[in-house]
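This document starts with one chain, in the form predicted alone, laid out as structure tokens.
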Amino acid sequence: MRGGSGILAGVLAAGWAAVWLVTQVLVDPPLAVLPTVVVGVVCSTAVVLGYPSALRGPRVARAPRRPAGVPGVRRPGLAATGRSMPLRRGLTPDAARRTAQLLRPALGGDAIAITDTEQVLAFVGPGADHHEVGGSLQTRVARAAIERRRTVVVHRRADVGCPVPECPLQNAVVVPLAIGSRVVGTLKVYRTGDEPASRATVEDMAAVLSLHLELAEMDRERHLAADARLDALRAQINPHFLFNILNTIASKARTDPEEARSLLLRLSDFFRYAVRQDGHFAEFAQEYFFVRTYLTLEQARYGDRLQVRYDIDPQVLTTRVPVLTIQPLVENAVKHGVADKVAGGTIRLRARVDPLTRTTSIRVSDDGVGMAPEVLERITSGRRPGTAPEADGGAHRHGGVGLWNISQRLESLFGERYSLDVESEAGSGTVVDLRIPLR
């Protein structure tokens, strides 16, 4: 119990003891129970309202707020400013403008400018009338910082190098912004007084900005890589699958025209989804429909040799999963598991949500021909197809390229927060378990 609460409890206990002593001992005759309780409650209420207890919180007088610029007022810290930095999305004019507005009070500059290596992206403060956004770099000090790749501090207006005679900027601290060893712009802090801004403070903030720019570039490269892998998965849709299905539809057109028409509609749905799906994520229900469409087409081709079993938790249907991830796993099971087995086999798709670990788990299994040990070892080791001697043999027959593309794309999307496990035994079938964060 806190000290304030303990004192309050003691005061209340003493108050009730005093009420009992006065109403029951000192008064003759003693008061009845109801008046005694009323007196006790009134006294207790007065004590609670008048005491700064733990329930009400201590009565602390707030100091009056001082206006900005008065000594004693703290500027926003660099850490707090860095956490909200708009440049996390890249060095764009809009992000630069919002960053300059954010940094002006933090760095104590009269004017803040952010540039790339060619033009002014943002300028806030005195001099904005001629240091125009979108215009070329006007000051010699900015070009010097870019060329020398280091901080430049000037104390005189003449050294700033602005060609406009009426420019109010008297000194400057200019720090290059870099991604790795490549200079991509500058952070400039100008003042109209005698003393320039703190060099160390400006350099610290420039380091924070450079880190955000580097992270933005990494994000952009990761998304580009994920886009490329998604395009690779789209391109991987086997043309032989299309030809075989069209042949199946052609034969059905003679024997069962209605079924042929239904298969054509499903084939249209299949390719429409594969080509037009935007973004990297979709609801599981959409991917599930896509998989069922694919398997319906394959069942029309293989007939009773291909059996399918679904075990889908309804909670999974509204979760979001990477597009074109489940279907390639199912296609591998059909092409490299069941199709090579004379008697055919069964494909099973199972999906669950684990609310405790906040993950979505998906299992694709078959009872087909399985994989040879050396093929399984190459796939599970994460080596890119074509890097091992056996890749020229039967490895490609077991979907190594597709699994590798899926694994690399999942790594781009989730980092280490996913798992893709493959178990197989020659002659007994293959099991692929995928676990991704719940979205």
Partner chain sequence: MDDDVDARDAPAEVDATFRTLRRVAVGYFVLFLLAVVGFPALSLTLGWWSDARLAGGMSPGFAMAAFGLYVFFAVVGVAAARLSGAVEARMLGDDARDAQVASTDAPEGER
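Since the model is a prediction, treat every value here as computed from it, not as a measurement. Definition used throughout: the rigid core is the maximal C-alpha set that superposes within 1.5 Å between two forms. Numbering follows the first chain given and starts at 1.
Omitted from view is the form predicted together with the partner chain, to which the following refers.
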query: Is residue 273 one of the residues lying within 4.5 Å of the partner chain in the predicted complex, judged by heavy atom distances?
result: yes
Might residue 35 be said to contact the partner chain in the predicted complex, defining contact as any heavy atom within 4.5 Å? yes
- Query: Might residue 428 be said to contact the partner chain in the predicted complex, defining contact as any heavy atom within 4.5 Å?
  - Reply: no
- Close approach of residue 27 to the partner chain in the predicted complex, 4.5 Å, heavy atom: yes
Which of 131 to 139, 196 to 204, 90 to 98, 259 to 267 lies within 4.5 Å of the partner chain in the predicted complex, heavy atoms considered? The stretch 259 to 267
query = Candidate spot 157, 167 and 341, all three in 4.5 Å heavy atom range of the partner chain in the predicted complex?
reply = no
None of 214, 116, 313, 354 but one has a heavy atom within 4.5 Å of the partner chain in the predicted complex; the exception is 313
Assert contact residue (the partner chain, in the predicted complex, non-hydrogen atom within 4.5 Å, options 308, 153, 179, 242) equals 308
Worksheet entry | Rigid core fit then residue 31 CA moved by 2 Å or more between this form and the one not shown | yes
If the two forms are fitted on the core, does residue 22 show a Cα displacement reaching 2 angstroms between this form and the one not shown?
yes
